[in-house]
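Starting off, we have a lone chain in the form predicted on its own, written out as structure tokens.
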């Protein structure tokens, strides 16, 4: 009996907010939507449906209450001692009732649009809903991708490993001569972690690309020699092209007959590991940004919607 209760508690704890309580709030949203559609079809006022009829005012009141209640979720999520439902339940209701709001708002205005504050409030309503849909997709998709990319590691651990690899690379470079030392130091300076908003969200051209192309032209067939004679023990996800100018330089050193080939090989391995590590770190940053960036759109749009809603209501009571 205790085992059954424990299993049930674990299942509830891991239950998605989308299926909370057997899709309770999806059913509520569907019932509300069906009732609104039925009333809209049944209602046949003189002059046609519009926001000024009793049904228009009713739907408008329901929509305004929905907006106010949905906006309250942000505060509810921070009220940990609240006894009014669970955060998962509120989030589930937020999603499904938020989707039904698009229908309620459309039927409220009866498909009448223009260049005015009323249409602005409607447009902001749809914008908030659309950004919320992206948020649902993001929280359903990106956590698993982040977990898969991390493979039980942490970003802090990766950064510590990156510092360790850089230190070991410099020590190995010291054994291979001052020119190798300079190249390794320069390659460390070119490491890019994170970056600006555009770079994080959409990626950026590799910072060593131009330098790689220049060195490759100078070395001629050296990179081909590296691929056939010196095979660094890199991770499968790291291609020779990704190793870029620093690896090309090291291949040239090997082709030129550098002594201590084993040390050079170790350095090549470290460079390959470093490239894989920086790729994972930047991918982790990008995935987390893609999961959270919608809030920087959704929240400001919500406040703009609340302001437009107040203006819409005041103007209706003043001029109608």
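Positions refer to the first chain, counted from 1. A quick note: this is a predicted structure, and the numbers were derived from the prediction, not measured.
Although it is not shown, the form predicted in complex with protoporphyrin IX containing FE is what the next lines describe.
- Contact check for 148, 263 and 280: none of the three has a heavy atom within 4.5 Å of protoporphyrin IX containing FE in the predicted complex.
- Between the options 31, 289, 37, 295, the residue in contact with protoporphyrin IX containing FE in the predicted complex by a heavy atom within 4.5 angstroms is 295.
- This chain is displayed alone, yet in the predicted complex one of 183, 176, 105, 165 has a heavy atom within 4.5 Å of protoporphyrin IX containing FE; that residue is 105.
- Residue contact with protoporphyrin IX containing FE in the predicted complex: residue 95 places a heavy atom within 4.5 Å of it.
- Among heavy atoms of residue 86, none comes within 4.5 Å of protoporphyrin IX containing FE in the predicted complex.
- Interface membership of residue 112, defined by any non-hydrogen atom within 4.5 Å of protoporphyrin IX containing FE in the predicted complex, is confirmed.
- In the predicted complex, residue 67 approaches protoporphyrin IX containing FE with a heavy atom inside 4.5 Å.
- In short, of 265-273, 23-31, 281-289, 48-56 it is 48-56 that has heavy atoms within 4.5 Å of protoporphyrin IX containing FE in the predicted complex.
- Residues from 118-136 that approach protoporphyrin IX containing FE in the predicted complex with a non-hydrogen atom closer than or equal to 4.5 Å are 118, 119, 121, 122, 125, 128, 129, 132, 133, 136, in the order they occur in the chain.
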